[in-house]
Structure formats: structure tokens, C-alpha cells
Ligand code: ATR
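Next up: a single chain in C-alpha cells, the form predicted on its own.
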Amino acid sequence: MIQKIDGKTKVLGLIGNPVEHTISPSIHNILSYKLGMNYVYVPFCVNKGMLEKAIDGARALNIEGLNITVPYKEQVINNLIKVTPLARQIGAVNTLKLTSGGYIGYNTDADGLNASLVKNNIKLNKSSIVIIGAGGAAKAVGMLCAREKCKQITIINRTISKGEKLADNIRQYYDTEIKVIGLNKIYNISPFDIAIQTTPIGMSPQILDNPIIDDKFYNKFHTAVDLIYNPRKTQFLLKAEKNGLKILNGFEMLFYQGVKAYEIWNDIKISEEILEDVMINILNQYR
């Protein structure tokens, strides 16, 4: 893939720390190439304490769109002129769009996960969901599950108070039955439908780690989703697969949240034909 860069090339980018292992540049640069858009997407590693300056600098450089990743998804809200209702609910922003007055913040994580689940015929509606973790990713997952009218949410987290805080946040917006339990109580959990693993446990390079090792847990449900995409099969997914469960990793969520951001930046809707082509390109690149 050869992409011409000239005086008319517009810049998109990613702000986070670290950013060395991100595949977002591949997603967005291949999209631009396939769509014939004169954009280049680059990652920016922003050190602690420098976020506000980075946002001001990006605006001064007329960078039209930015993705935000850890550890800045919540902190960046203070540097924006507006945040969309969904991003406000989740309490985190992963996409910025430049306007004349400054950046507007969006959250495309929930829509990215939903697109991935729909594509793989995994239905949240009327399903009992277990969310493992209560961090930033779990916020998007919890709001999505409640929005899609799941039957019940159970949050499993090492720190009960953090799980309760997430549950209370969801209850502000949705009338959904929510329970919170600690990791030491998972043997008491009732049968459910889908487990969604939202923690970084098991992510490369710590690929032998697993947030839940109790085999009895994997007999309680039928579908396991892990938001991690590297490795392709975490220990959580490997154990689920060994127990005969349907599994899904986080690659398609990452892909579709990136697509949604690209559509927001350009006010377009990308065809399924192009998306399939881009996805195949990326999978071949990282296989």
C-alpha cells in the first residue's frame, strides 16, 4: 500500500501511553487508502501531565480527528467543549472531532462492541450477562448491555466498592437488575448466558494470566467474550473453548469502534463491502 502525502494531506491520530503496539494506524490508513481520502493517521505517545498541552497542540496543528486510549479516556473530558450523551453516560471518551470552537468528545467503544456481537450472532437482549472487571472498558460494556435491554447484569470484580460504583452509574440511566460479587464468590454464581472479560489480564506479554481459573465457572454459561485482541486467544478464551463455549476476542470491537470514529470524522457511512476488504487486509497483516 503506497499512500501519497503532500501539502493537502490531513492528519488523524491516537493519543495514549503506551501506543507502540496499537493497530489503529493500520485500520485508519487502510480505510483512507480504500476510500481515496487524503489522510494520514499516526500514534502520539503523550507523557503524564502533558495531555492538555497535547490537545491544545493538536488543535493548533488542525488535527481533525483523534482517538484517545489509556490512560486518558476519562481525563480528556476536561479538555473538550462538548461530550455526547453516550460518552457522558459511560464517563469516558475515545474519539475527538475538531470543530471551530474546539474538540467534541464521543465514545465509540460501545457501538464497536455491539457491531462485533451482532456480526457474530451474540444477542444481549434478554440475556443474563456477567461483566468481569469494573474499569473503563467495563463502563462501556455495562451501558451497552443495559441499553440493549439485557435481562440481568452481574459485575465480578476484586474490589466490591468499585463494582458497586459501576452498578450505581448504570442505574442512573437504566432500570436494569444489577448484582456485584467478588472474585472469591464466583462459585455461588447462578447460570447465565454471556461472560464479557473487560480487564487487561491475559494481554500480551502476560499471556499466561487468567482472571478466572475456576473450571466450575465455565460450566455456567455458553458464550465467552474477551475484549483483548492480542493474543488472539487469551487463557480465558482457551479455557472457555476447552469447555465447549462459543468464544469471541476483541479484534472486531477494536475494528468497528475505529470505523465508527472514521465515519464521525468524515460524516460518512462506509459500505460493508469496503469494511470486509479492510478487515481482511488487517488480519493478513497481523496474522
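What you see is a predicted model, and the numbers here were worked out from it, not measured in a lab. So that there is no doubt, residue numbering starts at 1 and follows the sequence shown.
Just so it is clear, the following notes concern the form predicted together with this ligand, a form of the same protein that is not shown.
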With this ligand left out of view, choose which of 180, 76, 137, 144 has a non-hydrogen atom within 4.5 angstroms of it in the predicted complex.
-> 137
Could you spot which one of 127, 95, 199, 154 gets a heavy atom to within 4.5 Å of this ligand in the predicted complex?
-> 199
With a 4.5 Å heavy atom cut-off, would you call residue 162 a contact of this ligand in the predicted complex?
-> yes
Closest heavy atom of residue 119 to this ligand in the predicted complex, within 4.5 Å or not?
-> no
Close approach of residue 105 to this ligand in the predicted complex, 4.5 Å, heavy atom | no
Would residue 158 sit within 4.5 Å of this ligand in the predicted complex, counting heavy atoms only?
-> yes
Only one of 199 to 207, 169 to 177, 184 to 192, 80 to 88 sits within 4.5 Å of this ligand in the predicted complex by heavy atom distance, namely 199 to 207
